[in-house]
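This document starts with one chain, in the form predicted on its own, laid out as C-alpha cells.
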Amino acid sequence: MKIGIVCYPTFGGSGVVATELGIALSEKGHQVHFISYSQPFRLEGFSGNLFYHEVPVANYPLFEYLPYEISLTSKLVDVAMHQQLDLLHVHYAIPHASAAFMAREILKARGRNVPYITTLHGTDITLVGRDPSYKPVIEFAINQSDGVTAVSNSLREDTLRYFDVNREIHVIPNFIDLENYQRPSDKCYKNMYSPNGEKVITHISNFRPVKRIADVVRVFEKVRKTIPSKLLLAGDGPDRAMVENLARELGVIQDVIFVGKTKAIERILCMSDLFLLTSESESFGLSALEAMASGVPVISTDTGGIPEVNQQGYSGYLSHVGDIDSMATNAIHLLSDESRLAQFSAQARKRAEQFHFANVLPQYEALYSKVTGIALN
C-alpha cells in the first residue's frame, strides 16, 4: 500500500509516533511518504520504501500570516497524484484533517479516490481544538474523515464530550520499538551525572505550562532531602527560565541538569532511576512509556490517558495533579529500597511490552484495509 503520512516534524509526541509508525510500515513493505514543512526529527534514514516531501510556503506581502493549510492541501494533491497514493493518514487534527478533506475533494474532481484517516493525539482536541475559532472546522473535518483513531480511551471520551462527532473512533494506543530501549550498564555513563552514586530522576517534555515543570522541581527538592539525587531535565520550552529560577530559589540548582533538546532519549533514560511526569493533562503519556520501556519506573499524575499506560503499584505510582507531597513520598518509597526499585524496573519493562509496535501496527493495517478496500496479507 502507498501511504501518505502528515505530521508535525517537531519533538512533540504526535510527530514522534507518526514518524515511528511510518518507519515501521515501510519495514513491512508499505511505501510511505512523509509530508510536512520540514523533515521529522526522528526521520534520520531512508530506504526504498520511505520518502519525504516538503511543503513549501510562499511569503507573499498580501498575507499577514502564511497560509500553511492551503500549501499543505496543494502538496497533498500533488503527492497523491504523482505517487499514486492509496491513503492519507494525518496526525493531529489542526490543520491536517481539514487540509486532507480539501485534498480528498480536489482529488475526487480529478478522478482519484484517496481516503484519509485522522489520528487525534491530545491538545488538538482538549486545548486548541476547543477554541471557538477552530472548533467548527475541526468538528467537520473529523466527521468527514474516512476513519478516526484516538491514542487512548480517555482522549476518545474527551472528543465525544467536546465535539458532536458521528464517526466511530477507534482507540489505537501509541507504541514504541522495544529494541531501541535497552539498558546496557556498560554504556549508560551514569557516573557522568552522578559521580558519587546519586539517584538520577528524569523528566522529558516541551516545557509548556500544561507539563507543570515547577512541580517536577518541587518534588525533586523534597526527595533530595532524603535521597542523594540529581534531576535531569531534557527538552526546552517557554517555562525553561521559570524552572531555572525556581531551582535557584529552592537551593537545588547545583543538582539540576538541563540537557536541552535531544534525539537520544534512550541514552538519557538508560542512566535514569526514576521518571517524573507531573502534567495537568496528557492524552497518553508517550514519555512515560519510553521510560517504562527502558525499565524506569514512573511517578506520574493520574490525568487523562496516563493511567492507561502507567499501572498503579506495578510500573510506578499515580497521584492527583499538583499533589507534590504524594509524588515525593512515592518517589522516596522506590528509591530508598534497591530490591523494590529493581522489581518495579522489571515490571515497568514488562508493562511496556504491551505497547510494542508488533502488537499495535496490525491495528492500523486493519483500519487501512477497511478504509481503502485493499486486502493486506
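Please read these numbers as outputs of a predicted model, since none were measured by experiment. Quick note: we count residues from 1 along the sequence shown, nothing fancier.
Although not depicted, the form predicted in complex with a small molecule is the subject of the following passage.
Leu286 is the sole member of Val219, Ile213, Leu286, Ile201 with a non-hydrogen atom within 4.5 Å of the small molecule in the model of the complex.
Proximity to the small molecule in the model of the complex, defined as a heavy atom within 4.5 Å, singles out one entry of Thr149, Ser229, Asn174, Ser98, which is Asn174. In the model of the complex, His121 approaches the small molecule with a heavy atom inside 4.5 Å. Taking non-hydrogen atoms only, Leu25 never approaches the small molecule to within 4.5 angstroms in the model of the complex. The closest heavy atom approach of Arg208 to the small molecule in the model of the complex falls within 4.5 Å. For the chain shown alone, Ser281 is a contact residue for the small molecule in the model of the complex, at least one non-hydrogen atom being within 4.5 angstroms.
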